[in-house]
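The chain below stands alone and is given in structure tokens; this is the form predicted alone.
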Amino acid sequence: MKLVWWFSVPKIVFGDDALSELEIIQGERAIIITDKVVNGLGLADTVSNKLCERQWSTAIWDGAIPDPKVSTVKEAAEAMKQFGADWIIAIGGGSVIDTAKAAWVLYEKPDVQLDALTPFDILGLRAKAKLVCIPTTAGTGSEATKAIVIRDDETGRKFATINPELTPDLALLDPTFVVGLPKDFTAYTGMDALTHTIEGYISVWKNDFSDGCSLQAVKMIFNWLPKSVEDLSDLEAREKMLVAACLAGMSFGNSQAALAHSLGHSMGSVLRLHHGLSVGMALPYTIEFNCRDNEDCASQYAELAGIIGITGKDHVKVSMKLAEAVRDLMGKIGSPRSFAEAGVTRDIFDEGLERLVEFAMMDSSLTMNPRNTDSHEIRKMYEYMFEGKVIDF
């Protein structure tokens, strides 16, 4: 049977004059979706003023929150409806962009159940509005993907889904919009991007187009992330990381994430840890786990390792060195490498362990991992992550 695959990306405009693209898009009413921090920095006003110069009507909704809940998404969709937007402009990190994407679905299709959305549903988006994304973090790559991650109000469990129609129409990468990001969030979002690009390269849905993005993103992140964290005013480093994160989004957005995201989504749900901190912490452990039982996967990790100068004929050993290099990078930028380093006490960990395992086993990213796993191995991985032990099983 012949298969057809799609590589979906938005139109991407990058550089310090990226916002000039707003001068040529056609429309009349734009609602800006953001959060209170970004709005307080005046970034939403910057975009609004540029549109108002062209006689557009604009509105700003700044109710987005970290790890967006379904109820928050519904509030954003109602704001879109009340304003009658023909453009939706998301300004913020991954949570803001996910909020805008999910609300866009409900704005156009109010009866859709977000937790039941599949990659194969035909939504008919763009009958009412199109979507622009302007990231303020160099990490999630959500401005280039067809994915959303939303949190259930009652259980707190994060659920992730994809649909081709969720790919934004336009992504504007302006480095001045990420200059104010604090050091810890620069580190965490950078690790989010690295996890995206490495998992995109070993996902069972990987393809030649996503691979090209992964290879360049790995090279850029190892080079520019430490510089970006060391000097928060280094505009070149910020711009390079913004591009690298977008490339990583293009990679995993068209190949999908894997085990580190299943573990990380669960950590965010149960322990309320930052997403980039969570998936980044999980990344080296999953490299060590995956390379032991799958020669193809080990060779793929070895290819990535070669990009940063780690070579050798034994792919498993090279993969283990890649995991070590990831840990070294995390040490340089101050990103926690274990639950203990992240400030999670033994009591809190033990109390949440069963739910950590349960939520990880329910996560859709698990199906894209090259090595099959079960709840016993997931539990054991979390135990190793608490102690900071190298995976040996």
Partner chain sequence: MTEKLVFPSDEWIEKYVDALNKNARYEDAAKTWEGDFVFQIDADGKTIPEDVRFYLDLWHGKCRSARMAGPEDTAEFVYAGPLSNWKLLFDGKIDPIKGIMARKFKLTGDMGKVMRYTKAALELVATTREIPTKYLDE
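Residue numbers count along the first chain shown, from 1. These figures come from a predicted structure and were not determined experimentally.
The same protein also has a form predicted in complex with its partner chain, omitted here; what follows describes it.
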Site check Phe120, Val204 and Glu377: each within 4.5 Å of its partner chain in the model of the complex by heavy atom: yes
is_contact(Ser57, its partner chain) in the model of the complex, heavy atom dist at most 4.5 Å: no
Its partner chain contact at Ala127 in the model of the complex, heavy atom, 4.5 Å: no
Its partner chain contact in the model of the complex: Ser20, any heavy atom under 4.5 Å: no
Contact test in the model of the complex: Phe393 vs its partner chain, heavy atoms, 4.5 Å: no
Candidate stretches 167-175, 186-194, 154-162, 129-137, one within 4.5 Å of its partner chain in the model of the complex by heavy atom: 154-162
Candidate from Asp296, Glu236, Asp231, Asp115 lying within 4.5 Å of its partner chain in the model of the complex - any heavy atom: Asp115
Its partner chain: the contacting residue among Leu41, Leu353, Val344, Leu366 in the model of the complex [heavy atom, 4.5 Å]: Leu366
Any residue of 5-21 that, in the model of the complex, places a heavy atom within 4.5 Å of its partner chain: Trp5, Trp6
